[in-house]
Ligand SMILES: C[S@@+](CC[C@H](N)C(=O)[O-])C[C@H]1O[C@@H](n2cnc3c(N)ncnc32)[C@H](O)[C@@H]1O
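The chain below stands alone, shown as structure tokens; this is the form predicted on its own.
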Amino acid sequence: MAFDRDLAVVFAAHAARRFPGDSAGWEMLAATGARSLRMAHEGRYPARWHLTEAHPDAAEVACRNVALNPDVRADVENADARRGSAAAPFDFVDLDPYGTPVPFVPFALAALRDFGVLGVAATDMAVLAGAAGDACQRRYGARPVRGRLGPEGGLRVLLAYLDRQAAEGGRAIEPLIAYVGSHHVRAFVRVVPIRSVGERPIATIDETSWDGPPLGRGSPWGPLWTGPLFDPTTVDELREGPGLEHPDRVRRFLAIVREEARVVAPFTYEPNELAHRLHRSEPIAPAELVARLRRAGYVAARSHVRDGAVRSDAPRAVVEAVAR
């Protein structure tokens, strides 16, 4: 998870530049406080942190770690985050559970100011990516996509769930960065008054009418977030800084998502998969697929979700014709 923490630091540094001054953050499941302390020490955001941790031994370690970082304004509370926080409201809330974030999401949203940011991760990928479809229905109220595109489907299930939960409080989400990790999905979303946004990009996909990348059989899938995963302005302003554990990986990731942020289209194509399905002996190179789709007048870019993946707003028939 070091790469994930690196991205959190990069996001924190961006937020510190964008919103200088006093700001308050809450790490709901702090453990030893590594994530929030890195964001505060290296990214300088938020200016003040409140950490809660239910396990007394971990909370004690977090207290010692705070003491080792005298430049950080933070306090630690040995408490269950599901009881909320008397220190609310916050400008930023981080929710990084082992498993599903569902039990904590209502408390996270309730603690956020309007236009505050929620950083949330989910590691229950067997549920979100389709291997445990019944559990996904119970937990997130959605039917998941299974197979090659399941991880992105899980991210879109999570975003749709967050938006529906925010709507119960008269608010909505706007993804700033939402990505598929190695064994998890994570999103940084701005929470805004629902009156300030338009129609929500949430839909149920049926295979009989779907014209994007093939999702297999077993529809309908969703509800899924079908809108953007990235805010172009935000990703353009992200910069890798000193102290990162995986600077080269962060640099490559940011280069990809700056292009990908311009393509609002759910799910991706892969040249190998296209070649197999179209009975071609040799797949088209991802860069060539992107270039040809752009020359045909469509938006296309490499995607972070899988090596070689391409995202495009072109209809499936066009993508297949180009791949041939």
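Residue indices: 1-based, along the sequence shown. Every value quoted in this text rests on a predicted model; they were computed, and no experiment measured them.
The form predicted together with this ligand is left out here; the points below concern that form.
Relative to this ligand in the model of the complex, residues 24, 67 and 73 are all farther than 4.5 Å at every heavy atom. Looking at residue 261, you'd find every heavy atom of it more than 4.5 angstroms from this ligand in the model of the complex. Residue contact check for residue 81: one or more of its heavy atoms lie within 4.5 Å of this ligand in the model of the complex. Using a 4.5 angstroms threshold between heavy atoms, residue 96 counts as touching this ligand in the model of the complex. Residue 40 falls outside the set of residues with a heavy atom inside 4.5 Å of this ligand in the model of the complex. With the partner omitted from this view, the residue of 274, 31, 63, 257 that lies near this ligand in the model of the complex is 31 [heavy atom within 4.5 Å]. Scanning 280, 48, 55, 294 against this ligand in the model of the complex with a 4.5 Å heavy atom cut-off leaves one residue, 55. Looking at 154 to 162, 201 to 209, 127 to 135, 97 to 105, the stretch with residues near this ligand in the model of the complex, meaning non-hydrogen atoms within 4.5 angstroms, turns out to be 97 to 105.
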